[in-house]
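The form predicted on its own is given below as one chain in structure tokens.
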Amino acid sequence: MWKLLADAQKIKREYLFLVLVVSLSATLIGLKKALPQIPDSNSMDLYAVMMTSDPNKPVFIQSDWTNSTRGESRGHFQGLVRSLMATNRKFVFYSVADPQAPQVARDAIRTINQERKKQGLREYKPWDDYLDLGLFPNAENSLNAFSNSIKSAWGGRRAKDSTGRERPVFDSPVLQGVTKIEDCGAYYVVSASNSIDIAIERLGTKVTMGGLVTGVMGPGMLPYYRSGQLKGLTIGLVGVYDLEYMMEHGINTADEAGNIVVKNRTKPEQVIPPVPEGTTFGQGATNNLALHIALTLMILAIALGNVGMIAKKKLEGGTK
């Protein structure tokens, strides 16, 4: 018995790595599993803002993430955009941080539109349903300009309408009735940099702002959330899955069987429905399962190694 356990230490680490690679590959290639989740209160507040903002007002998205943080940020951005499309909200997106950021956002929107087409849902159209304003270099100067007058800051931007003709962006149906930053329904920052700090400083008192940030940035954003400057906040991979889980189940909303899967015990009167159409579980569900598998294998490997070490000492003690 002890000898068998002691032999556990002889397992080659290459075999452990092989098990890890095979398990994660099977998960990341397409296996999705909705593991039970209790969303954080800050994530619940963000989802509530997303679903209760005025549907007649456009949403502004400051998309400052790039491929370097796509493991977290792409999931945040996709969950946000899927929710907006599912609830027929128009939106504007742009970046103030990195020249690569507008393109990765465009790619994500194109993927979601392809997904909606396969599901028989309406595709979102540039100009009519959303606007791509591209890059505004220099976050501080740009956000100051937005705060003072978006008419002046955005007035020089042009986009193609449904006929292919380039026109000023304020002619678009997306920005009808918008004359200042306060006219947006909500302002979201998907970020992996300090651009969100600048946005909060320049615009936090003028708009309802939500943050979708990487895990590293989370601790620095929580004080803004607790002070009310951010009305909601999702953090890292857990935040991505929180968002997807609420898109599927809502908050304080009974399912067909009468069960309430996501309960906000601090706000029992708050009833926020799930999104009415489209994909709910996506990158967050896939990566969340992969993370649990990786952590489980690591714990098992550590436990096996320690048991083997104890067994070896028992055997050595018995031979003396």
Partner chain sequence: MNLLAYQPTWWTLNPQDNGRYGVLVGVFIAGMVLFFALSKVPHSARRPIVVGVTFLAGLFWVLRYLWPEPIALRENELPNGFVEKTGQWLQTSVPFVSGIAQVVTSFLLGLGMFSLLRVHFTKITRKQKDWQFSVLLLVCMALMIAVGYADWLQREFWIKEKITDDTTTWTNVNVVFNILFEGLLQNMDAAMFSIIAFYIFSAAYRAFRIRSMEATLLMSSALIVMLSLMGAVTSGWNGTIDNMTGSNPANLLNNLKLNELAGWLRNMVQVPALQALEFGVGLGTLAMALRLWLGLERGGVTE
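Keep in mind it's a predicted model, so treat the numbers as computed, not measured. Residue numbers count along the first chain shown, from 1.
If you look for the form predicted together with its partner chain, you will not find it shown, but the lines that follow are about it.
Residues placing heavy atoms within 4.5 Å of its partner chain in the model of the complex fall in a single listed stretch, namely 154 to 162, out of 173 to 181, 154 to 162, 186 to 194, 246 to 254. Proximity of Ser142 to its partner chain in the model of the complex falls within the 4.5 Å heavy atom cutoff. The shortest heavy atom separation between Leu291 and its partner chain in the model of the complex is within 4.5 Å. In the model of the complex, its partner chain sits beyond 4.5 Å of every heavy atom of Leu121. Although the partner is absent here, Leu133 sits far enough away that none of its heavy atoms falls within 4.5 Å of its partner chain in the model of the complex. Although its partner chain is not shown here, in the model of the complex the stretch 299 to 316 places heavy atoms of Ile299, Ala301, Ile302, Leu304, Gly305, Asn306, Met309 within 4.5 Å of it, in sequence order.
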